[in-house]
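The data below hold one chain only, encoded as structure tokens and taken in the form predicted alone.
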Amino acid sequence: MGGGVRLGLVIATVLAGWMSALPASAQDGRTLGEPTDVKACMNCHEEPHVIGVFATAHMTEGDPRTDVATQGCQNCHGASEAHMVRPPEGQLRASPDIVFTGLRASPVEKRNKNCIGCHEAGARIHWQGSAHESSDLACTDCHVSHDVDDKVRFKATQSAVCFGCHAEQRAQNLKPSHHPVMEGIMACADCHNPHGSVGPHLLVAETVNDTCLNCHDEKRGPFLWEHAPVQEQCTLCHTPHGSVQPAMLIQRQPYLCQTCHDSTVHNSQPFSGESIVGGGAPSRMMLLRSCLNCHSEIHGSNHPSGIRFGR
């Protein structure tokens, strides 16, 4: 039996027990005397996207942070006294005090204030003033609080949520050379903290290099012979979201190298496709790994003779 089916049976069993315990006034749709009783909400809200909340941490009665035991659904949705009263025939029921999704959603500030009231520590301490907060983004624009399988929380499905806004990064990740984000091996949150950061571009570390070196530790150094752009910033040579060049280089070799090394060590004439004609030494500078055919340790070398990053 699949996980989704088992979850559905568990929720259905819980709800059946609650509904059977309801007084007749609740079962026929009239207002309950106790507005904070979760059973009162379940009397009307039987939709799958609502009852899924019972499988999430938001409905854990034993957790004092949820206040479910004393406030029920109103812990997130507000007292909602007008909503709890059955409207006269032909009139729409008043909305809850706080609505998180849909056409009648509450203002972003009101929704986020309720979420941040509990989720303000850890990775979310820099939310205030972050790029997403400044863009008037609501927590529920990315998260589905009633869903135990909230897509943004899992590597395999997170990128689809992020790419809903970040179309340029989606296009770059579809290029031949890219981090395994589309494959679900990596997630956007491995490099970026969507809730805010002290670094640029919502990076998880304070600098670009510190973020990259979390995975690429072999490039960290210090080296006996250091390549200046490597120490300055990885993105001088690499584009992090994807490239048509190998190793996510921003430009093919030797043209990338020649943006800095036009007339040093080798002859002062930059190499180009014309160098291939007739073969010979210039072909080595253009074909296969180009400059890296000789300068193989381009990120840095600890060899005593590695001043040119050749070993």
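Note that residue numbering follows the sequence shown and begins at 1. Small disclaimer: the values here were computed from a predicted structure and weren't measured.
In what follows, reference is made to the form predicted together with ligand HEC, a form of this protein that is not presented.
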query: Contact between Ala57 and ligand HEC in the model of the complex at 4.5 Å, heavy atoms?
result: yes
is_contact(Glu218, ligand HEC) in the model of the complex, heavy atom dist at most 4.5 Å: yes
Ala131, heavy atom within 4.5 angstroms of ligand HEC in the model of the complex: yes
task: Answer yes if any heavy atom of His166 is within 4.5 Å of a heavy atom of ligand HEC in the model of the complex; otherwise answer no.
output: yes
- line: Checked 140 to 157 against ligand HEC in the model of the complex; residues with a heavy atom within 4.5 Å, sequence order, are Thr140, Asp141, Cys142, His143, Val144, Ser145, His146, Asp150, Val152, Arg153
